[in-house]
Ligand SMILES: Cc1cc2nc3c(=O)[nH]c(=O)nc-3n(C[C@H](O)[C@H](O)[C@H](O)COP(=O)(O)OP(=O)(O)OC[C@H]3O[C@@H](n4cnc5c(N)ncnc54)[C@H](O)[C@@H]3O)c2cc1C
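The chain that follows stands alone, in the form predicted on its own, written as structure tokens.
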């Protein structure tokens, strides 16, 4: 198969590489073992913002996302076995009408289970459910010699914890056994609260986490007179709704492929933020909506990433411990002194880290910011990444586009151990990505 140009979901990273999709696992194993490419990387739904699933001059390999949701069976204990290529949305479509839900759900229904596990993804409830590692009981991982290894917390546990959060660099997740939880309905009751400044928002966020199941905050980083103002939307499963219903699809708006014009501009973003804050300030009543509407707001716009034009976007996500809220505030306030444009900013609360060696989340606040991929944005991010590392924070490698490799040991104290395990299961260095090369993860 000839090489072709592929790009990240953020459109800010591009590569010239081969991409193969197979229906059967044995075909994947044969391709990996016999590949003469310069590096191979598993690729799920292609939703990585940066260069995590790209490999220049190499081979990106995928398993076909087959619709096998009708074959899924949830055991009485809540355990379910799924293919790594299944998407979060397909899993929910199959299990929610039966009264089961994945306890940890990332921000898009289009992400594959394998991709979510390789990122040790978190959701809007990390402070009490942790990351997706907490509900993963077992993995089947295809390593570089084509062997599929069954691993869990007791059997091959080092491969298990190196693969969860391992960004596809230990192998391809062919299947996973997940533990679901019971739900009383397929709707949530949502409360919207607006706050005029960051300090009051942080306090309000902590208050809702004491009683609500989910919570997320949108921050306005563009206003000059109320920097850090925002809206907290919290939710819990609605106990008095209808019986289980099949989840609804809501891809209503389609954005065409990038043109030379970037519509994410300061006047447009400021007008959007002012309108969003004004409307949220008037939202007093509790609202009942579907779980999908609450958890996947951006999925309502198909290809929303195209709004950023050909240059694409960067998603910068970092976490800081509670004692470093002053640095969080400095980062937020600092956007008024740069032309870097924080078009979208989402704040979440995190609890204890998982046992994954490269787990991103730890107790504190995580802020994810989408910015047009400009030189000013890169400069602003690099200005603060070293300070984040010094403050015992870290950048989310599953979304990163520009962190300095020299900061990783400080951000990820278990990195050296992860490298040892990765080398053990991939001694020839078959699994590679542009990110692993940039950050010297597999040398």
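The structure presented is a predicted model; accordingly, all values stated were derived computationally and were not measured. Numbering follows the first chain given and starts at 1.
Not on display, but discussed next: the form predicted in complex with the named molecule.
Q | Candidate site 42, 46 and 168: all three near the named molecule in the model of the complex by heavy atom within 4.5 Å | A | Contact check passed for all of 42, 46 and 168.
Q: Answer with one of 173, 235, 94, 102: the residue that has a non-hydrogen atom within 4.5 Å of the named molecule in the model of the complex.
A: Answer to the contact question: 173.
Q.
Can you work out which of 403, 53, 377, 388 has a heavy atom no more than 4.5 Å from the named molecule in the model of the complex?
A. Of the candidates 403, 53, 377, 388, 53 is the one lying within 4.5 Å of the named molecule in the model of the complex.
Q: Quick one: find which of 118-126, 185-193, 200-208, 334-342 has residues within 4.5 Å of the named molecule in the model of the complex by heavy atom distance.
A: Correct option: 118-126.
Q. Do residue 114 and the named molecule share at least one heavy atom pair within 4.5 Å in the model of the complex?
A. Heavy-atom contact with the named molecule at 4.5 Å: present for residue 114.
Q: Using the partner position in the model of the complex, report whether residue 298 sits within 4.5 Å of the named molecule, counting heavy atoms only.
A: Looking in the model of the complex, residue contacts with the named molecule include residue 298, since a heavy atom lies within 4.5 Å.
Q) Heavy atom to heavy atom, is residue 304 within 4.5 Å of the named molecule in the model of the complex? A) Yes.
Q. Quick one: is residue 398 in contact with the named molecule in the model of the complex, heavy atoms, 4.5 Å cut-off?
A. Yes, residue 398 lies within 4.5 Å of the named molecule in the model of the complex.
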